[in-house]
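Given as structure tokens, the chain that follows is alone and in the form predicted alone.
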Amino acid sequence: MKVYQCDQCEYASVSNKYRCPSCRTGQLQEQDVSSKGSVYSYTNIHIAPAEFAHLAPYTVALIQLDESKAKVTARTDGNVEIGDVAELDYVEDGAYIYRKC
């Protein structure tokens, strides 16, 4: 998985930006890190927006990556709890789909 780490501060993200939005002076450097992490937070979606209604009910989790300060917003393939270990299963239409390990 690619993450973008600021060369001037601790900011990290899975999306690239022209300049660091945190310190506003640094440039983001691309790094390859493991997709493995742990569930930082999650919510169960029962009533989804129209474009995701066919997926409901589903779970959206914030995954703290093990090898980076970046967090990934992901859909999970089942129920999760805070602290569960999870790993990227696949990417679908630009959405990260994680599975509990």
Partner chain sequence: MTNVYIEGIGMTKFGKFVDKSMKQLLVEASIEALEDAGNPKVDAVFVGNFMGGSIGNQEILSALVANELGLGYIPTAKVEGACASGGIALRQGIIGILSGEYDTVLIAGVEKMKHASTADVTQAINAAMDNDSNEKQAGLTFPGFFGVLANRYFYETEATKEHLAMIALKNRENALNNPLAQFQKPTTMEEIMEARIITSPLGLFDCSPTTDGAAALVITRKKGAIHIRSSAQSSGPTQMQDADDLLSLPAVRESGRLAYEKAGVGPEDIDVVEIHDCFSMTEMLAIEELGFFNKREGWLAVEQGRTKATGDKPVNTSGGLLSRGHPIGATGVAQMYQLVQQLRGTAPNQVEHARLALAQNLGGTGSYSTVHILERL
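Quick caveat: nothing in here was measured; it's all calculated off a predicted structure. Residue numbers count along the first chain shown, from 1.
Another form exists, predicted in complex with its partner chain; not displayed. Remarks below refer to it.
Undergrad: Which of these residues, Thr73, Gln27, Ser34, Gln31, gets a heavy atom within 4.5 Å of its partner chain in the predicted bound form?
TA: Contact with its partner chain in the predicted bound form is made by Thr73 alone.
Undergrad: Report yes if any heavy atom of Val14 sits within 4.5 Å of a heavy atom of its partner chain in the predicted bound form; otherwise report no.
TA: Judged by the heavy-atom cut-off of 4.5 Å, Val14 is in contact with its partner chain in the predicted bound form.
Undergrad: With a cut-off of 4.5 Å between heavy atoms, is His54 one of the residues that contacts its partner chain in the predicted bound form?
TA: No - in the predicted bound form, heavy atoms of His54 and its partner chain never come within 4.5 Å of each other.
Undergrad: Under the 4.5 Å heavy atom criterion, name the residues of 38-67 that approach its partner chain in the predicted bound form, in sequence order.
TA: In sequence order, Tyr40, Ser41, Tyr42, Thr43, Asn44, Ile45, His46, Ile47, Ala48, Pro49, Ala50, Glu51, Phe52, Tyr58, Val60, Leu62 come within 4.5 Å of the partner.
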